[in-house]
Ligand code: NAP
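Consider the single chain below, provided in structure tokens and representing the form predicted on its own.
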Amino acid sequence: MAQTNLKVGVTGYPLTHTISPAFQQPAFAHYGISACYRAYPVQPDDLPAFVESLRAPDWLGLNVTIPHKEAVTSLIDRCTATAATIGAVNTVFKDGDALVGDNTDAHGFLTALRADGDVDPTDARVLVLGAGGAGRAVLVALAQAGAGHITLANRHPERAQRLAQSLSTVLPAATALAPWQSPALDEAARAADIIVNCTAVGMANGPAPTKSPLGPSAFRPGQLVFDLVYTPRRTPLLHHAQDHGARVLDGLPMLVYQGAAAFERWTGKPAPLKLMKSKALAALGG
């Protein structure tokens, strides 16, 4: 850590939504680490060359977000056991000359669910929306935490089926698939103790910023609806859920927890969690 002017950052495409620099940079400053954390928007075709550039000695590590979490797994030297099980990487760190992929999303998700959502997923009925990199991490986290029944839905059902098959040794036996925007999906939503949105639907500057993956009739009092989107903090999905008596949780706590775990991977130092939370909140306007 003696080297100065280290590079670290987040890559994805596009990256108009990220606030990671706003809370990661103060964490490095807290320890007096001379590192610059910035956003690196990289198109999919340019990802191999960009990942290879991380081997330069001035690179400390990288966060990875949509749509690169799965693609990056084949571009690094190895994955941690967690990332290998999930099949997606959101953090790259160095071990000597090797680039190692980890996944801190599962940790961030469970920490937010328990600490901020005040919910224990053990034996719970859960509906997961989305079969991308975040969905993979959430499914593995729920399975390892002992969720009783999981229903998975994705706009493209064949992708949900492939994901369920690839995680079949991890997921509980009571795992089901539900068609997108169907009566069966609404029924699964109303029956769920926890609903988790792992899609970009409702995200500002995303493909459908004014849409919700579920209609207003899909919610009930007593359940928790957790949207991994954090810009805006109240998505159309969360507005619908709140209007129908459900408790809601946005994606900001998970973002900070997974980022804090990544910081610890890069530096070997305890993340200044309180500082990171306050800076992330300030970046979204308080």
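Predicted, not measured: the structure shown is a model, and the values here were computed from it. Numbering starts at 1 and follows the sequence shown. Think of the rigid core as the biggest set of C-alphas that the two forms share within 1.5 Å after superposition.
The following text describes the form predicted together with this ligand, which does not appear among the structures shown.
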Classify Val229 as contacting or not contacting this ligand in the predicted complex by the rule of any non-hydrogen atom within 4.5 angstroms, answering yes or no. yes
Taking heavy atoms and a 4.5 Å cut-off, does Met254 contact this ligand in the predicted complex? yes
Gly133 within 4.5 Å of this ligand in the predicted complex, heavy atoms: yes
Can you tell me if Ala143 lies within 4.5 angstroms of this ligand in the predicted complex, counting non-hydrogen atoms only? no
Have a look at 94-102, 120-128, 185-193, 148-156 and name the one stretch with heavy atoms inside 4.5 Å of this ligand in the predicted complex. 148-156
Considering Ala176, Val170, Ala208, Ala81, which brings a non-hydrogen atom within 4.5 Å of this ligand in the predicted complex? Ala208
Among the candidate residues Ile66, Ala39, Ile33, Val42, which is the single one with a non-hydrogen atom no more than 4.5 Å from this ligand in the predicted complex? Ile66
What residues of 198-226, in sequence order, lie within 4.5 Å of this ligand in the predicted complex by heavy atom? Cys198, Thr199, Ala200, Val201, Met203, Pro207, Ala208
Can we say the CA of Lys277 moves by at least 2 Å between this form and the one not shown when the core is superposed? no
